[in-house]
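Just one chain follows, in the form predicted on its own, and it is written as structure tokens.
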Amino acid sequence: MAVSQPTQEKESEDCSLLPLVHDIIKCMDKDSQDVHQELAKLKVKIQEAREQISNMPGVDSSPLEQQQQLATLREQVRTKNQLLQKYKSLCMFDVPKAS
């Protein structure tokens, strides 16, 4: 799983379509034949973005299910924070001070 994460980060960093649109406009200004190649690149980039979106976790959940999951997770965080504060107040974890 740790192997796929750097790949995912690399893909998520390179999701801007503006440079491709800019290249297309430049080609159109010059009446260049490269417009079709640039449009093909844009099409590929849009398809990659669609695939990334479809692979995102939670996309298949309804908004209501996502809200319920969010509420559950927030309740878990609140409970864990309360427990953490309780354990801290017990003074069982005396941290030695550095000299």
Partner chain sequence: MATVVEKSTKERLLSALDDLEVLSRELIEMLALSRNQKLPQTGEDTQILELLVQRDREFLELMETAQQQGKVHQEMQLLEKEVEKKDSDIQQLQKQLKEAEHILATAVYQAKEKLKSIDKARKGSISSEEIIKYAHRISASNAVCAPLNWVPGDPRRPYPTDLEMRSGMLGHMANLPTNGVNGHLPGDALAAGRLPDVLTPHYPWQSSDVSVGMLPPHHGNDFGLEPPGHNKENEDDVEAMSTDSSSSSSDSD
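If you superpose the two forms and keep the largest set of C-alpha atoms that fall within 1.5 Å, you have the rigid core. Numbering follows the first chain given and starts at 1. Just so we're clear, the structure is a prediction, and the values are computed from it rather than from any experiment.
Beyond what is shown, the protein has a form predicted in complex with the partner chain; the following relates to that form.
In the predicted bound form, no heavy atom of residue 40 sits within 4.5 Å of the partner chain.
Mapping the unseen interface onto this chain, residue 66 counts among the residues with a heavy atom inside 4.5 Å of the partner chain in the predicted bound form. The partner chain in the predicted bound form is approached by residue 62, whose closest heavy atom lies within 4.5 angstroms of it. Within this chain, residue 33 is remote from the site of the partner chain in the predicted bound form, having no heavy atom within 4.5 Å.
Taking the partner chain as it sits in the predicted bound form, the stretch 46-73 comes within 4.5 angstroms of it through a non-hydrogen atom at 46, 49, 50, 52, 53, 54, 56, 57, 58, 59, 60, 61, 62, 63, 64, 65, 66, 67, 69, 70, 73. Once you line up the core between the shown form and the other one, the Cα of residue 74 ends up 2 Å or more from where it was.
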